[in-house]
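So here's one chain in two forms, each on its own in structure tokens, numbered structure 1 and structure 2.
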Structure 1
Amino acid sequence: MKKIIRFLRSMQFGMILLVLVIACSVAGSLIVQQREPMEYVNRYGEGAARVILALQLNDVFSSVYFLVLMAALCLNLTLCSIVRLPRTVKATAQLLSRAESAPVEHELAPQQVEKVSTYLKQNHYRLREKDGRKIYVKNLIGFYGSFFTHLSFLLILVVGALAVVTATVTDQTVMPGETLTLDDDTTITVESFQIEDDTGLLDYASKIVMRSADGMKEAAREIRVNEPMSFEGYKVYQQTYGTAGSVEIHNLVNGASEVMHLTESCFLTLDGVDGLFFQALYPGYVKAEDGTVTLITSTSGAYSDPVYDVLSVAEGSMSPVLAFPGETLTIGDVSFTFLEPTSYPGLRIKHVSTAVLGALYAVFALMVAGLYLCFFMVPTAVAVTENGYTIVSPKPSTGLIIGLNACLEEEET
């Protein structure tokens, strides 16, 4: 049992797990993921497709073995960190006691010893005197570097999984002027939406107002890509956009009128027989010299010359019509006035615990700090006596030796 635990917490096991993560990642990046089974047959042939599906290589990162791998890595890191923590705490005292008793490694003349002391002071080493021995120390906090690094890696896996599992995400399109009510009665009103800024630069942005269910809290913000709005545990993203046809329908009999936004093909009719069949809205067109019109089918910007592609259905016959904003088409007792199209945002609404989010940011910072301590704050003690000096450090002190040698050579020359 002891042997098994020793293996489970060993660096060797950790490295095996990391190699396996690499293997899964390579497979997951080379084989297209999360496609229909037929696509694998078409791409890789039937035999290979069967192997891919059997080994879940079509969805490596959600496969059982990948999750087991991650769990094993967490276990390994936890055990390894627990075992190493007491050693880390004791490391400073051990370093100092080694420095106190270490024999002189680099013998020097007295004036050179003085030079070494000056160099160390200049390089921010702190002096501790013990039994007549001068011990210069630096970066003792560095002992905690690898502990923080491993802890942060473990926490990134745990808190990251928590952030993904506890988040709920919904996508909604909302017309400008409309209000969306969420499950807990929080509301989101889209006041306006733009595709381009004043200079014509692409800039998808929605002005939104959010109100809490009890109406006590309200906040407004312009959201755009990279600038979501956070409100009471919600994060609202400017995710996509669309452009809807807008038609004012006027009932010539009773005088009633209504504006409708059209996002997909539909039949607008009062009696179920005559009416307007909306097929599509095009962003622009090119008119040739002979008068023929070619429609532009897609754009990433605003619709510059919108064209409505509709069918007029009257008395049992259909006739295609290309209509432009401002035009009116009368069919029976109804007139249809084509308006400038309406651009609208697609919002992504994510509900996520603020505490989890904050924890994830903190853990990211801990990892960077941990690595900095590991690599750039190497704990070092230099014992200086009247005969010379000795360096004690858990890592090679090549940098310090180069510096000290340069400083001593300078003196000689």
Structure 2
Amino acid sequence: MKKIIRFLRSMQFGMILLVLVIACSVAGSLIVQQREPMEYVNRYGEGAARVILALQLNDVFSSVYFLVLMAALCLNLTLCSIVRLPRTVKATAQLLSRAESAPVEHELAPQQVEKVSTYLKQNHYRLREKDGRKIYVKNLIGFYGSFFTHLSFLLILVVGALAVVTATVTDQTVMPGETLTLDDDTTITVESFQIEDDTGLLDYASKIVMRSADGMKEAAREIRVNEPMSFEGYKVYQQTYGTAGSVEIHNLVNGASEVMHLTESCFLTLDGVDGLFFQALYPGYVKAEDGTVTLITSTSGAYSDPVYDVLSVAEGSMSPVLAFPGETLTIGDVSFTFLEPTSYPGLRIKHVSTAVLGALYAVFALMVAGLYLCFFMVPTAVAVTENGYTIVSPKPSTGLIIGLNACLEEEET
């Protein structure tokens, strides 16, 4: 049993887990997550899609094996930090004990001994006297650097998991040029959206601007799949996309006009009787030699030759119409001008509470403090007697020795 526990808390086991977690994280970053199976077939091919779905790489961070890895890593860090704490406490007592009994390593004249004591005091070493021996100590808290570092890694996993569990997730579609107001009055403005880049390659990108509720903070960024934007506890992802029909409705009686975006079937009317029934928007068409038109029903890119499939409803009769951008259809006192379709993004908005976010920042601060203690706060004890001094430290004390030698040489000159 002891061998099992020793392995579970070993650095080798921890490194293996970290490598596996990093590998899963890289896969989750490179492969779009939580999409329909057909999208993986379109993106990566049927063979690769089968592998992705079989290994749950389409939802890595919720997969069973990733959760098991995280639980094992938590166990490893717990054993490394909590179980080793008594050893850390003993290390301080052992350092002092060694300093009290260690033989003199650097013999000095009486006046040099006093010079060494003065130097140590000036460099903030604390004095402890026992059995006629002066023990100057510094950075004893450095023993706890490893403990704080391991503890911070554990807390990062725990608080990070809490952030994932407690985060609120909403999906919203926003037309370019429109502004979405969130529950706390933070706003998201979609300035532009594209399905393809300038070369015609697929590139789903939204340029968004976020403003805080008080208007004091603002940030802009172009987001893509797996390239979200973070702002004031929010993370906004480019999740989906769509293409809406755009129709300018003009009232011929009073001159009023309005542009409407059409994402689903609807009846556009002023009097509830006559009007335009929008059925569907098609991305393109093929025209045969005899003049017949075959509609293209799907595309993975932008709509190259969009076609509006509508019904003209007037005086109790309905007439099917295929309309193209730039055409105008007049029904009674209303004209309908078909515009170029509008591509729009579907945004996934995640929000983490301020308390959890603050806890996460605090844990990162603890990790930085732990690493600082490990590398820059080296526990040191200097035993000074009437014959000389001895340095006791878990790491080489080259800097201290150089400083003491320089101090003594300065006295001689």
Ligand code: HEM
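Rigid core (definition): largest C-alpha set, two forms, superposition within 1.5 Å. Every residue number counts along structure 1's sequence, beginning with 1. Keep in mind that this is a model prediction, so the values were computed, not measured.
- Structure 1, not structure 2, is the form predicted in complex with ligand HEM.
- Core-aligned CA deviation for residue 268 between structures 1 and 2: less than 2 Å.
- The Cα shift for residue 133 between structures 1 and 2, taken after rigid core superposition, is 2 angstroms or larger.
- If you fit the rigid core between structures 1 and 2, you'll see the Cα of residue 161 move by 2 angstroms or more.
- Superposing the rigid core and comparing between structures 1 and 2 gives a CA shift of 5.5 Å at residue 353.
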